[in-house]
Each structure stands twice: as structure tokens, then as C-alpha cells.
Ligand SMILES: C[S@@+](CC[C@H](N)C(=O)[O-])C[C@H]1O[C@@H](n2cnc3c(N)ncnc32)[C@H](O)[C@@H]1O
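Presented as C-alpha cells, the chain that follows is alone, the form predicted on its own.
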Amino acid sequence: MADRDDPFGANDPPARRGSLVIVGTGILTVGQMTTEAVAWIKRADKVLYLVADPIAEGMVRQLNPAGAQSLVDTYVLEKDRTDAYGGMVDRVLACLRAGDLTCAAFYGHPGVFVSPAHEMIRRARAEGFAARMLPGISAEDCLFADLGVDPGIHGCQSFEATDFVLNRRSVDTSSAVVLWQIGVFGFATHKQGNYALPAMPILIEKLERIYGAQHPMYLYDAAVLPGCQPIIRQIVASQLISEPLSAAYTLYIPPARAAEPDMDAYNRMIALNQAYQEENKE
């Protein structure tokens, strides 16, 4: 197994000298950045990072003063966010081609709503570089803890809010639903500050069609800075038009009905288990 001083291990050397690891800094960076992520950030020749607050930025720069470079300048106001994502990928690939051990660090979990991270790995491997991603703590992980939700009880469906509407996503209302990026619904461009969200009535219509007008939902924003509390506000769908929403908000929708037991499947399961036990008696 690879150790942190030789992350790829003696038996798994990079195909070329340049190599890539992608890490997450967690939501609350102080305390949620894993020891493995810290070790990679320290060891890398270049650390290209995109984080959500100055404390996280300061921590990354403190861990690797010589190699840390922000990716925030890839964003351009009123330009499509996918343009910025392409710029991030190009920056990382340039470091790999120069032969650098490169670490890309992203806010939260690096594989959750971070499409450029997945594209970096795909392109790096296609060009013969070793590349891997390490897990981090996501906003959904924080949501489960702060709202006291266990996804193992009722199940949990997860959708990006705009995708939820545009691609006719259907839901099982006996299970919980998490809608990501509720605060940028209908927008693909980058802005500073809160979005106006003129298309929000379309999402409200769909939610009320599924859940009715009075089903409780929860706006959630995880705590980012030490000493701060998460934002949790109970609302109904119609209030999405009037509630102040930041780009970081997530919407949690609890189940609206009980699940429907499949008694035929239950009886078959019992019979199969009993038959197995009978056949395997000593």
C-alpha cells in the first residue's frame, strides 16, 4: 500500500514523471481536511486550488507556500461556467506536461459537483499520466449531520436543481430528495453575489405538482467558518421565490408518504433464507 511519502507506491510508478492527485478541503476546512489531503498538498510541486473562504486559502498556501496557485481567475463575470472549467483543466494539464507532481484541491468533496476534476483525471490518464482522486467531506455529508438525517432509513435521491427540471427527473416521494445548487437555478453563467433567479417559478410549479403546496422543505447552507452555525430554514415550495438564496444553498425535501411494502418479495425472501438454512444444517 502506498504511503504518504511515496503516494503511488514502489510497485505503481507514474507512467511519466508528471502525476496528478485531486483532493477535497472539506466544507469547514479547519478540521475537515483529511490528513491524506494535507500530505499531498505539502508534497506537490504545484497545488492548484479553488476554495470557498480565505481561511481555506490561507491553509493551502501555508501548507505549500512555493507551489500554491489559485484557480479563481479562470472565472469571468457573465461568462458560462463551463469556460472556467475548461481553463482549470488546461492549467492542470500544463503542470503535468511540465513534469510536476500536481495536486488540485477543491472545496468540499472533489468529485461532487466538480466536473473539471473528473475531466482532469480523464485527460491526464489519456495522455499517460498517473491520476487519482481522494474523497473529502461534501455539503451533503454536513447536511446529514446537521439535519439529523440518515439516508439509510428512507433512501435519498440527489439532483442538481436545474437538471431536475430540464431533464424531467422523476422522484419517489417515499424517499428524501436533495436538490443541489438551488441558489443558481436556471443559470450557467458566473456572477458575484446572489442570483436574481427569474426562472424559479418553474421549479416551484414542479415541486408543488409533486408534493403539494404545504409539504415542508429545508433550505440548508453548511457552516464554512469556525464558530459559525449552519443555516437551516423550514419553508414550503412557494417561499423559494421570496427567500434570500446564496449560491451555496441546498434544498432538502423529506419523504411525503410511507413506502409501499412488496409482500410478495418479502415472503420469497423469507422462504429462500429458510430453505438455505435447512440445506446447510450440520
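These figures come from a predicted structure and were not determined experimentally. Numbers for residues come from their place in the sequence shown, where the first is 1.
Keep in mind the form predicted together with the ligand is missing from the figure; the text below concerns it.
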Just one stretch in 243 to 251, 56 to 64, 31 to 39, 210 to 218 has heavy atoms within 4.5 Å of the ligand in the model of the complex, so which one is it?
243 to 251
Taking any heavy atom pair closer than or equal to 4.5 Å as contact, tell me whether residue 74 reaches the ligand in the model of the complex.
no
With the partner left out here, check for me: in the model of the complex, does some heavy atom of residue 47 sit within 4.5 Å of the ligand?
no
Do residue 164 and the ligand share at least one heavy atom pair within 4.5 Å in the model of the complex?
no
Contact of residue 237 with the ligand in the model of the complex (heavy atom, 4.5 Å)
no
Every residue of 112, 181 and 222 near the ligand in the model of the complex, heavy atom within 4.5 Å
yes
Of 88, 139, 176, 121, which residue is found within 4.5 angstroms of the ligand in the model of the complex when only non-hydrogen atoms are counted?
139
